[in-house]
Ligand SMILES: NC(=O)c1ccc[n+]([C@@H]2O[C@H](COP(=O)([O-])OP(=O)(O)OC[C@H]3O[C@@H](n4cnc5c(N)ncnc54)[C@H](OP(=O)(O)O)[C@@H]3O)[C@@H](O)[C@H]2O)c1
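Form predicted alone, single chain, as structure tokens, below.
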Amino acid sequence: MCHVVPFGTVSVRKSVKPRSQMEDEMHNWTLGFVGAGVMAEVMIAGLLEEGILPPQRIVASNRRAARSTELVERYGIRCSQDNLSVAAQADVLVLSVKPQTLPKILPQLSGALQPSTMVLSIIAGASSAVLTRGLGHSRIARCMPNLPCRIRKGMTVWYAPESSNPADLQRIDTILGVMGQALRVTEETHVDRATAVNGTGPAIVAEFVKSMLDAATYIGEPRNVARETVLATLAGTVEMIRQSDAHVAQLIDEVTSPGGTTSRALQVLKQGRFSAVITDSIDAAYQRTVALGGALEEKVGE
């Protein structure tokens, strides 16, 4: 079941997992992965842990035999080095290869998918148009998960056409839901923007945390104390912002006294163009996503 909730200027759907429906349908479909890297494993582990699919209903292909053996021993799923075999079995097929590998994979899979198969791509920059043309297949969805999905606290933004089969939408919502929150957007271009914001965001936040830790130790705070105080401050502030209906600027004003410590600190950030640098970094990530998409368009069109 999906609920439409506000998300900036777009409409999104926030995932809610109906346990009884999932339990009724758990044995009725097969999930395939072309590419069995970290994010594929996160999905596999979550689906198995929550009992959504049994191991025999998950099949993955990977070019490295050692990786296939590792996944079979760890999860009991079926693995192969044959992409076509996996694609032929899947009701939902997740494309989880690197962008530079995609032009090699698409010709292999072209014309090999069952008409009823839903394809879910997690490949940065790969548009539905590119995937449709390269696969000769029109049932396409795209998503962009982020790093905290590894601990099932992630945010995944995904897109599928409104005309998509409801069963396909529910399956995708379920798959992505085991990694954390999942928001379905109504325009595909927002997946590219999410690649820059929530896909790249964890690295930017981690860089900020690193800088805070360095600053804390610079003024003499012990490293163990700095780690605890910085992380607790970050987590508490995020939760306070989440729970408040006020604009974040108002919350900043509430803790900023004229001539006080916070005022001095914010003034230094402004002098260093802190906000502009963050904007520039997000924009650089977005422009790179667009460039990746353009490169894929050219290669798949050849």
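From a predicted model like this one, the values you see are computed outputs, not experimental measurements. A residue's number is simply how far along the shown sequence it sits, counting from 1.
Not on display, but discussed next: the form predicted in complex with the ligand.
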Review point. Are all three residues 160, 185 and 197 in contact with the ligand in the predicted bound form, where contact means a non-hydrogen atom within 4.5 Å?
Key: no
Of the candidate stretches 220-228, 203-211, 85-93, 122-130, the one with residues having heavy atoms within 4.5 Å of the ligand in the predicted bound form is 122-130
Q.
residue 74 versus the ligand, in the predicted bound form: is there a non-hydrogen atom within 4.5 Å?
A. no
Heavy atom of residue 164 within 4.5 Å of the ligand in the predicted bound form: no
Does the ligand get within 4.5 angstroms of any non-hydrogen atom of residue 98 in the predicted bound form?
yes
Decide whether residue 39 counts as a contact residue for the ligand in the predicted bound form under a heavy atom distance cut-off of 4.5 Å. yes
Picking from 270, 64, 247, 264, the single residue whose non-hydrogen atoms come within 4.5 angstroms of the ligand in the predicted bound form is 64
Answer key, the ligand contact in the predicted bound form at 4.5 Å (heavy atoms) among 44, 31, 52, 34: the residue is 34
Checked 145-173 against the ligand in the predicted bound form; residues with a heavy atom within 4.5 Å, sequence order, are 145, 146, 147
